Every structure is written in C-alpha cells, then in structure tokens.
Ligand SMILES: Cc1cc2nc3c(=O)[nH]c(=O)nc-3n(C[C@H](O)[C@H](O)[C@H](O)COP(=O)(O)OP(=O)(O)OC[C@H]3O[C@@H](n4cnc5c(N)ncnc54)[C@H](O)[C@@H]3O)c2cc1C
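Okay, here we've got a single chain as structure tokens, the form predicted alone, with questions on binding and movement later.
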C-alpha cells in the first residue's frame, strides 16, 4: 500500500480521487459505519468549484445543488453580496449543496474502497513507512494522511499540539421538518443577511431546503423547539428532526502540516468559526495540493512534499484571521462602537475595489498562481483550460508553434492552442497553479516541479 487516508469526508475523498487518478494504491479508513446525511458544510466556493471542474467532478455536484438566487457570498453577515465576477470565474456564486452529497459524488468518482467502522487506535512510523492499527486490521503504507476532522484521532495519537483559541459559544445545526410556520419563516433561500434573526438571547437562521424541510442554525445551544419559538414565534412548530450536531467558534491551527510520514489536511490541520463557508473548501484545496505531490514522490519523479505545508498553511492562517474579524460584525450582541464600525464597513463593502478584494479572499479566487479558466482552441477544436487538466497531469500550454523538451512526456501534456489571452506559454501544475509563464528556461521549472527528464 502507498497511502492510508484516515477520514472519508470531502478532504479525504478528494485526496483519494487525486491519488487514484495518479495510479497510487490507496486505502481509506473511516470511523463511522455509514455516511451521515446532514446539511453541514453546505457551500462550495468558487475556487473549489474550479478545482472540481478541472477533474470533471463539478457537473455531478451541480446537478444535485439546491436552488440559489443570484446573490453572492458574504463577509461577516453584512448585507452587501460579494461579487466574484471581476475575478474571471465561471462560478461567481457559492454552490449550495449538503456536504454528504459532495462526499457521495467524490467517493463514486474516486472508485476506492472506504473501510468503514474502523477507528484508528495506533500509529507507528519509521524511515520506510507508517503502520496503522484500525479496528482489527493492521495496515502498512509509505504515507498516512490524517483527514479525520477537528477532533483528529491521528493528531492525538501522535501527541501533536493544536494551538489556538478556545471557543466562546456553542451552537446547533439541525436538519428539520416543520409542521407549521409563521410569517417570519423565509419562503426561499436568499442572501444570508436576510435570513438571520435575533430574539432575546437566541439568534438563528432557517434556510428552506425542500418543501417543509429546513436547515436550522441557532445559538446558544438549547432545545430546538425552544429556539424556534423564541426566534420565529409560537406558530412555528417542529415536526421532525432528521439529524443535529453542535459546533463552536474555537480557532486552532497546526504549526506544521507534516510530521515525518504523516500529513494533516482539512479540519485535522485547522479549525475556525463557520463564517462564510470556508471549512469544506479549505480541506478540498489542501487535498488537491497534496495529492499530486504525494504521487510524484511515490512514482520517483520529484520530492516537493515540504511545499505542501509552505503553500497551504498561509491560506488557512488567513481564514483564521478573517473569520476572527467577521466575528466582530456577526456577533448577536454587538457593542455600540462595533455597530458603528459595522455600518461604516458596510458602506465600504459597496465600493467595487473593496468588494472585489473581499470576494477574492472569501472565494479563494485570489490564490497566488491561479489561472482563469479561459476559452481556447486546439487541434481538436474549441475547449477551455479546465478541460485540459482532467488527467491530473502537468500542462504546458503553448500559444505559438515552438518545440519543447520531450523528457517530461510521461508527466506533462504539451498542448498547442490559440486564445484571446496575453500569454506566450504557460506551465501549469496538476492543481491548477501556474509555475512558469515564459521567464527563464522552462526546463528549470519543469525540473523543479516534475523532476528530471527521461
């Protein structure tokens, strides 16, 4: 076995798909015996949508997405939608879809077996690999990736510190059915600023899902009917609870994402308040960054594994930082001075430059090295950049008729194309990140990211 993945959430399954695409032998172990069909993690942000599109996974997710109006995302629940269109994306608004549906599509596409009902109880590593005890099984592999969530068992078994800030509240997320509703209950999903309500000590948000089904987020932690009555009135009556979970606003991040032959990704590496729908997206992006690098090392091409931490720690640290800032605006008990700041910031958010900056930050579209998914024409006809990255290989895109080194043909696709773009040539990594655009010898960048020629 090459890689063991602990955790079959979006992070682990995205990584499993990437490794399977690269021909890496992978085992996924999951503590839960079956998938929980809960709406949590219900937003796919623009950059994540682009990455899924690069692998041909987006259409299946869009087919199952929940209806959503044309509103964009938000910052701190402020009543100004974020407009991601200036970032040249085909997916300018978040995609609303329950996390379990994303997991189903990822698992189906990956085609790997998920060993469910196996809790990891022991991890031993040496210079050659990692041995994992999970349930009655002992599994040996060259690497282990912990994608086992905020309460990561792997992290605890290895004694890895998880520094950060304790939470200040506990809240509830529940999928419910209502038997009757008051006029205060929204009839359709809209911008989040139109859905949030506060009454007394309770704050909450009901989001229509399908018919009489709703996603109910509220705090402080209490009985669901009590919260419904407080926020939406006596006429709003609970008929059924499909599932519920609790969450808080703790903020933590590992100091290092790699510990020997063990890597951490997703919530196992970082947690933060659930403002702006960042968690699922950070995890998927972690996995896309790590997957091809693990494959490159395992196939003996190049070792760029340390760059995983270097590239993925800063974006998560940034999310921890801006969710802390959003807490000031989103607090249900906002102080008068902070309320004045909120009003001023709302006005600033209406300015195009401010809105563009925050839209890029919240959507992940401002990632250094991101290349927009532009249209182009190849010898096979019209296409677009995302379609050329479906193989999970590197891509050397030539807008001329030059000859290129052939020593990387087993790792990098060379495509001659025409496009209405101001580029001569682009070398793009499997995760859609630009690593060369004409400055310096292309062989230097090819060797750095794809190894020695053959």
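Just so it is clear, the model here is predicted, and its values are computed rather than measured. Residue numbers count along the first chain shown, from 1.
FYI, the form predicted in complex with the named molecule isn't displayed, but the following is about it.
Under a 4.5 angstroms non-hydrogen atom cutoff, the named molecule in the predicted complex lacks residue 105 among its neighbouring residues. Although the partner is absent here, residue 311 is not a contact residue: none of its heavy atoms lies within 4.5 angstroms of the named molecule in the predicted complex. Interface residue remark: residue 32 is counted as part of the site for the named molecule in the predicted complex, having a heavy atom within 4.5 Å. The named molecule in the predicted complex is not approached by residue 306, whose heavy atoms all lie more than 4.5 angstroms from it. Comment: 114-122 is the region of 137-145, 357-365, 114-122, 343-351 lying near the named molecule in the predicted complex, near meaning a non-hydrogen atom within 4.5 Å. No residue of the trio 51, 285 and 290 has any heavy atom within 4.5 Å of the named molecule in the predicted complex. The partner is absent here, but in the predicted complex a heavy atom of 149, alone among 204, 81, 76, 149, sits within 4.5 Å of the named molecule. 280 is the sole member of 280, 254, 296, 110 with a non-hydrogen atom within 4.5 Å of the named molecule in the predicted complex. With contact defined as any non-hydrogen atom lying within 4.5 angstroms of the named molecule in the predicted complex, the contacting residues in 7-34 are 7, 8, 9, 10, 11, 12, 29, 30, 31, 32, given in sequence order.
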